[in-house]
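Okay, so here's just one chain, in structure tokens, the form predicted on its own.
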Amino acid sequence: MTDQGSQTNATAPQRFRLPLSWLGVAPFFIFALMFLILPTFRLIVGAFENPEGHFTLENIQALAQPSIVSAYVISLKVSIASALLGAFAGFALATAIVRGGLPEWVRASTLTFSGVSSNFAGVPLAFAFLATLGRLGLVTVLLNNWVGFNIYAVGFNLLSFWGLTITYLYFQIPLMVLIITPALDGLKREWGEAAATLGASNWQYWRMVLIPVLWPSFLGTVILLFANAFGAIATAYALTGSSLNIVPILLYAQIRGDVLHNPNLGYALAMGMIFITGASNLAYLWFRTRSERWLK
């Protein structure tokens, strides 16, 4: 009886039990499925459908329209300009607080401000720049009254390519500081001591050691900043409205229900944006993996 009972228990099907450790990450997977994976799948399917739900390539072909191509070009220019300017300015700021010998409170306050300002965007950021650099903004009025210099008389316009780029720098520079600071912290002091022992100058140390080590992290962060700017819409729309034809604003016009209402074309526009930002993030992950090999 005992052997038979043991044999019965051995042959009984085992119940699958999900480890309790998975409960902690379950909300993340549910959130990603509902708000990332399923919407992305719906966008891709909708890009190949007409309003009646039938398969078509008209939406993809419509991406070649001059207005849409121009929107992509302007978006790419703004993203590249803000990413490069933000990366170099942020790198200089991060280098100063990590390797510049500044007091610790300067580093702490800079990183705290960077954490706040890197998430400050949308309507509040647009209003802040209008109140500062608009035609009647504080800085504009002060320059005109105290120095006699009118920035709008020399061609500056906040509601333009450079105006939007400067506005994006408000969150691009702090984001660069937050991402590149750990890479600068990972540089080993022994490398500098070894270079000095071998007679290398400070410029040679930077050119032959630090720059090659930091280059993957720097380039990967530039790509991440590019993707961050390319997908931004709230700040651009609140600042420029429809005066600057960038892809997020054009996409918003296609799906919000006005005279340009064409949700399937909007799906195609969104699919193009997903492809660009997705490729950018994959490139960032690849560069980050290369940089981690040196910084471990």
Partner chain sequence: MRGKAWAWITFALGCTYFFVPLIGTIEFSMRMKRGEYSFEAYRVVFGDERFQATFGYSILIAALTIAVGILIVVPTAYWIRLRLPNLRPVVEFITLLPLIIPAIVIVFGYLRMYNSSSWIPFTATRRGTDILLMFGYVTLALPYMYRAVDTGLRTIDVQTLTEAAQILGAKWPTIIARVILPNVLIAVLSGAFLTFAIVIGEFTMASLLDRPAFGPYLQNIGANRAYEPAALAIIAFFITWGCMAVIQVLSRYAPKSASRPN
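Positions refer to the first chain, counted from 1. Just so you know, these numbers come straight off a predicted model, no measurement behind them. Each form is matched to the other, and the largest set of C-alpha atoms that superpose within 1.5 Å is called the rigid core.
The same protein also has a form predicted in complex with its partner chain, omitted here; what follows describes it.
With the cut-off set at 4.5 Å between non-hydrogen atoms, does residue 77 touch its partner chain in the predicted bound form?
No, no contact at 4.5 Å.
Could you confirm whether residue 184 comes within 4.5 Å of its partner chain in the predicted bound form, counting heavy atoms only?
No, residue 184 sits far enough from its partner chain in the predicted bound form that none of its heavy atoms falls within 4.5 Å.
Would residue 63 count as a contact of its partner chain in the predicted bound form, using a 4.5 angstroms cut-off between non-hydrogen atoms?
Contact check for residue 63: no, nothing within 4.5 Å of its partner chain in the predicted bound form.
Please check if residue 55 has a heavy atom lying within 4.5 Å of any heavy atom of its partner chain in the predicted bound form.
The answer is no: residue 55 has no heavy atom within 4.5 Å of its partner chain.
Site test, 50, 155 and 229 vs its partner chain in the predicted bound form, non-hydrogen atom cutoff 4.5 Å:
Not one of the three qualifies.
Residue (of 143, 73, 131, 159) lying close to its partner chain in the predicted bound form, criterion heavy atoms within 4.5 Å
Going through each option in turn, the one that passes is 131.
Any residue of 261-280 with a heavy atom within 4.5 Å of its partner chain in the predicted bound form counts; write them all down in order.
Read in sequence order, the residues that approach its partner chain (within 4.5 Å, in the predicted bound form) are 266, 267, 270, 273, 274, 277, 278.
Rigid core fitted, is the C-alpha displacement of residue 33 between the shown form and the other one 2 Å or more?
It does, since the residue 33 C-alpha is displaced 2 Å or more between the shown form and the other one after the core fit.
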